[in-house]
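Given next, in structure tokens, is a single chain: the form predicted on its own.
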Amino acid sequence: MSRIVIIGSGIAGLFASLRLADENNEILVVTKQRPKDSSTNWAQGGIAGILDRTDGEAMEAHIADTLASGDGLCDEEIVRMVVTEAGDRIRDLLSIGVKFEEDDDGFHLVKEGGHSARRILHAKDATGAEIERALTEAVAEHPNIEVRPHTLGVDLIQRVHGDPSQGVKGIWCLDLDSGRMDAIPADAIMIATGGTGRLWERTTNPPVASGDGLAMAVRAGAIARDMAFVQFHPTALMLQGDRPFLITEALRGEGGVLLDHKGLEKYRAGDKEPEVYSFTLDSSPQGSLATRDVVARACDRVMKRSGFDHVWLITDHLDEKLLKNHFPTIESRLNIAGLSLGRDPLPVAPAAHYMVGGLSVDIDARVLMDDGTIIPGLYGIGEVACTGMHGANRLASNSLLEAVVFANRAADHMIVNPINLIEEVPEWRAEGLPHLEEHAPLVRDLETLRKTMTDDVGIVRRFSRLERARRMLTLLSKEVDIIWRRSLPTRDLIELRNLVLVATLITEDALSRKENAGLHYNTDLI
């Protein structure tokens, strides 16, 4: 029996916990808030995959779409492995109790941007919530799994301080209820903490997405790669005074169309289908269903030219009853604002959505150092990891698929190669440090950080703006480090420390790139 700590409670962490616990391992799941506060729970679209392995044509089409979306930077071996295993992992989810939408022909499949066919299973427009429900219920019933909510991972504990090649033996965590710092020993640690959307002023991510797992692993010697590739979802609902609300790409898969203000006027005055008037056709013949990098840049371009802070998503040419049946979560949210599918133009704009880069991992999800060797006992799965699956731009609904496939592979590797080496771990040393009494500087620094990333490291970049961001991040890093060394950790301080580090990794990677690809678009390189 191994004692394994899993940091994060989304689809990747919970799926891995069940696989490992079934083999009689002792599992502790550490999560900052509650499982339902994860990015998985907020995912609307679905999970892409071919259930029938014998359907070679469908498999090859999914592979081709993924490679095309990744703009030449996908690892084809990884893509083929993930697509091939998709059916088995989806059946695992079904056996756990996930209920996907069905129709008379079996599972109801939808199409999203970049996909050449309908291959996405969903639970109406709340797929993530349905997956999280089933996994959370299964985890709660498992005798070998303990879930510790309101617990924030702070730093990994190395077996030999300063030598990541010797592996990890535990983690320091802050109990957010008591303020106590706990030192938790482990044979192995799995990081599944998701992304870092809070770096930008507009994001579809939950508040917990502050890059904690990525930052703590990098501080422990891990290498991050492809950090310049940050995906902005093209259609987040933009209402005055409200946080962005994701409008699933599946809505465009059913025929929704993006128009700018002039296009909307022409559509209302004309007698043609709205796609004819879409600005997205200037960027791709796929129009509103082009890949997210293309559509987000198209939205950004017309918004900057027009001065408006949004474009319009049009659905009034579609079957209103069908839309409301397929997208009840979105309809409910719209109704609060007096809007409705099939009737009203929806104000939407791009918002930070997914971290395509992340911790460099191998095919078994083992975290790598900069020389390509592993950190023993440390695994990374889900959004926090960079597997090579997504290349320069993630294809819609491949994220849940990648998460569950790599969660399974990591668990398999841990089961076949168990580590039984529990050691004593040192307590957090904080003698003489006072409590942090003034949080106002942290609030201002976070606002500055998010403003910097939004203005200078967003959808469209320039070297001069990236250099400006580098200078600001250097200053913020020094300021945060001063506070870190002088006071006891708080959630706000820990998260800001992590966000500044991740922002630096993103900015430095963007500065180092000599050509545009996928989500990284620098106008100086055109």
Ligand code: SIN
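Throughout, we count residues from 1 along the sequence that is shown. As the structure is a prediction and not an experimental result, all values here were calculated from the model.
One more form of this protein exists, namely the form predicted together with this ligand; it is left out here, but the text below deals with it.
Even though the partner isn't displayed, in the model of the complex is residue 390 close enough to this ligand, meaning a heavy atom within 4.5 Å? Contact with this ligand, no.
Flag residue 249 as yes or no: does it have a non-hydrogen atom within 4.5 angstroms of any non-hydrogen atom of this ligand in the model of the complex? Yes - in the model of the complex, heavy atoms of residue 249 and this ligand come within 4.5 Å of each other.
When the contact criterion is heavy atoms within 4.5 Å, does residue 44 count as touching this ligand in the model of the complex? So residue 44 counts as contacting this ligand.
Answer with yes or no whether residue 397 is in contact with this ligand in the model of the complex, where contact means some heavy atom within 4.5 Å. Yes, residue 397 sits close enough to this ligand in the model of the complex that at least one of its heavy atoms falls within 4.5 Å.
Counting any heavy atom within 4.5 Å as contact, can you tell me which stretch out of 397-405, 332-340, 451-459, 415-423 lines this ligand in the model of the complex? So the stretch in question is 397-405.
Please pick, from 187, 212, 132, 112, the one residue with any non-hydrogen atom lying within 4.5 angstroms of this ligand in the model of the complex. Residue within 4.5 Å of the partner: 112.
Could you check which residue among 119, 198, 169, 353 gets a heavy atom within 4.5 Å of this ligand in the model of the complex? The option sitting close enough to the partner is 353.
Looking at this ligand in the model of the complex, which residues in 281-299 have at least one heavy atom within 4.5 Å of it? Heavy-atom contacts within 4.5 Å come from 292 alone.
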